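Next up: a single chain in structure tokens, the form predicted alone.
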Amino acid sequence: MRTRWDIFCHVVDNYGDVGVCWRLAKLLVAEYDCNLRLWVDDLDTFNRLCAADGITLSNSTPTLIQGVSVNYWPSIWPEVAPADVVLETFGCQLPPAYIAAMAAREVKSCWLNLEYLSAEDWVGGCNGLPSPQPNGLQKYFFFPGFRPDTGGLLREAGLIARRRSFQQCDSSRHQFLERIGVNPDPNAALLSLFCYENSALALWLNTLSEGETSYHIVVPEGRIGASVCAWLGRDDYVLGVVYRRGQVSIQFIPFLSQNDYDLLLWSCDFNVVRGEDSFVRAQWAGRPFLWHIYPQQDAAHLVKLDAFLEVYSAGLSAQCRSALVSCWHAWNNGEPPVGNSTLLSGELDLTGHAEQWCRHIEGQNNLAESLVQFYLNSV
């Protein structure tokens, strides 16, 4: 009998949390034959991820998408039989009635709390630790990460081989870009821009527009549309139209499906990403990137930023590491860009480093496989 899984997702930051949960759910069904329900409390946001696939979700009835039963998580919880494996993602709180049903099962559910991704040293020591509950249930903490003692990273089977094949075929790249309406000047560097609101954005664009290199920047619809328009001196934008200022051409495109967003990352020379899901996908793309980490109170996010920079830049020269760290710090502190043009000019071999880093983390744990194996070891 197929193992039954429930994944609970409370949407906090637009597409980050639900993007990770959706990718994980699809992977567990496709590669591990799990019977899976995904519970999401904000289907309006989730609909943006599914719209590109021509699917609209409903609050009233479950929707089967790629083998995943997508369900609305209502404030008044219905009577639902709990699954064999229950994932409580990113600190969301399970419905009390559901927890009571878990405790009433003859064979208790395997309850896993999937935490946020971090490169901090302490993560490995906490991965898999139990948290005894008053009702007799045992909850376990599960941490994605970049080291063998963590849960690892989400990665579909054959992903890296497909990406390398795509990048080695100019026609594949051209056909994809043509399909989404992007036709950059062959002499321009192609960049993707997907970030949170950032006071450094205008300063960053100024630097690019005043340099010697031409850039074509693709901006999927999202939170920074107004900021980019303000920099262009416009009130609004039209999808597909190319706007120019100095050496920079900017083109807004529709929000992409996860598969197409991967192809965009693979197609670009440099990617600006944010949060967790696009951050990981940029690393699988084997291209240089700039990470806008989700801001937290008391600048706690900068500790996580530095932890990743430490492991990611370990193989770089002192000059390249200094440029990378300075640029990432400036970007995440909303300060004037430092080392920006150096990173994008190609004079530092960041593309080679990005590919080397991808090979390194490709050898780490696969998060979906780690979760499945943890459950199998518990029964």
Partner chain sequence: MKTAQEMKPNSVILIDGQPWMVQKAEFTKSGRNSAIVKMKLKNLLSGSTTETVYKTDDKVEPVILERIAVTYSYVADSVYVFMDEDYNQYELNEDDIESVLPYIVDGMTDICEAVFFEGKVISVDLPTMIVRQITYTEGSARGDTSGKVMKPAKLSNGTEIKVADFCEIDDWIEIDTRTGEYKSRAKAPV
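No experiment lies behind these values; they were computed from the predicted model shown. Residue numbers count along the first chain shown, from 1.
Just so you know, the form predicted together with its partner chain exists too; it's not on screen, but the next bit is about it.
Task: Which of 226-234, 85-93, 280-288, 243-251 sits within 4.5 Å of its partner chain in the predicted complex, heavy atom basis - done: Within 4.5 Å of the partner lies stretch 85-93.
Task: Check all three, W122, Q133 and A300, heavy atom within 4.5 Å of its partner chain in the predicted complex - done: All of them do, each having a heavy atom within 4.5 Å of the partner.
- [ ] Spell out, yes or no, whether the shortest heavy atom distance between Y116 and its partner chain in the predicted complex is within 4.5 Å.
- [x] Yes, contact at 4.5 Å.
Open item on the list: Residue-level question: is K139 within 4.5 Å of its partner chain in the predicted complex, judged on heavy atoms?
Closed with: Yes - in the predicted complex, heavy atoms of K139 and its partner chain come within 4.5 Å of each other.
Open item on the list: When the contact criterion is heavy atoms within 4.5 Å, does A157 count as touching its partner chain in the predicted complex?
Closed with: No, A157 stays farther than 4.5 Å from its partner chain in the predicted complex.
Task: Contact flag, A202 vs its partner chain in the predicted complex, heavy atom cut 4.5 Å - done: Judged by the heavy-atom cut-off of 4.5 Å, A202 is well away from its partner chain in the predicted complex.
Open item on the list: Exactly one residue in A103, A97, C126, L239 has a non-hydrogen atom within 4.5 Å of its partner chain in the predicted complex; which is it?
Closed with: The residue in contact is C126.
Open item on the list: Between N183, T213, S172, Q296, only one gets a heavy atom within 4.5 angstroms of its partner chain in the predicted complex; which residue is that?
Closed with: If I apply the 4.5 Å criterion carefully, the residue I get is Q296.
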